[in-house]
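Okay, so here's just one chain, in structure tokens, the form predicted alone.
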């Protein structure tokens, strides 16, 4: 298989460095949608939005964690205009692009590797696409999503295949389930970047 698109190679080499991640995505923000959707074939937004929308009420209060430019939020809004959607992202440039969609209730700058500025038990559901991947957020970032979700709330996320076992996601999710923090509803091997032949694990968890 040929090497990945140069932007993807750069993205997965950021080593979780907050400053490098912010710089990279601030520079990419105004071209991100075109590059990801048309050039790379990014399908995670539609897959995750569909999975979450099927498991929450049409007027639920949900969080798009790592919302980027708003691709997932747009997919959610297309499925239910009554959803109340907040967006969270590490990068202000991406948040400014998301603001232009006019679909988010609130947009918050936040870091999933730290404590988020959000109270416990806030959301009826959470979705996160493209965040849990090489060089970005490790499996410990799930702890904050569990904290801010209401009991019985679904958490839908993608984990890139190359990070699933190598970065400890498979074992971490199994441990959360074993400890009774979440219930694993399903984990499905799914397309991720269709034009790059890259796949992910589409995970649906329920907060206990």
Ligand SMILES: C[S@@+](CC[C@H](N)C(=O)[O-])C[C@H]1O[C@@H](n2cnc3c(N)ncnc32)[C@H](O)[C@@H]1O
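Numbering follows the first chain given and starts at 1. All values derive from a computational prediction rather than experimental measurement.
Quick note: we don't show the form predicted in complex with the ligand, though the next part is all about it.
When you look in the predicted complex, the only residue of 98, 126, 129, 85 with a non-hydrogen atom within 4.5 Å of the ligand is 129.
The contact with the ligand in the predicted complex, taken as any heavy atom within 4.5 Å, belongs to 113 out of 78, 105, 113, 122. Residues within 4.5 angstroms of the ligand in the predicted complex, judged by any non-hydrogen atom, belong to 42 to 50 and to none of the other stretches in 174 to 182, 161 to 169, 42 to 50, 55 to 63. For residue 74, no non-hydrogen atom is located within 4.5 Å of the ligand in the predicted complex, even though that partner is not displayed.
When contacts are judged by a 4.5 Å heavy atom cut-off, residue 91 counts as touching the ligand in the predicted complex. Interface membership of residue 154, defined by any non-hydrogen atom within 4.5 Å of the ligand in the predicted complex, is ruled out. Contact annotation for residue 67: at least one heavy atom lies within 4.5 Å of the ligand in the predicted complex.
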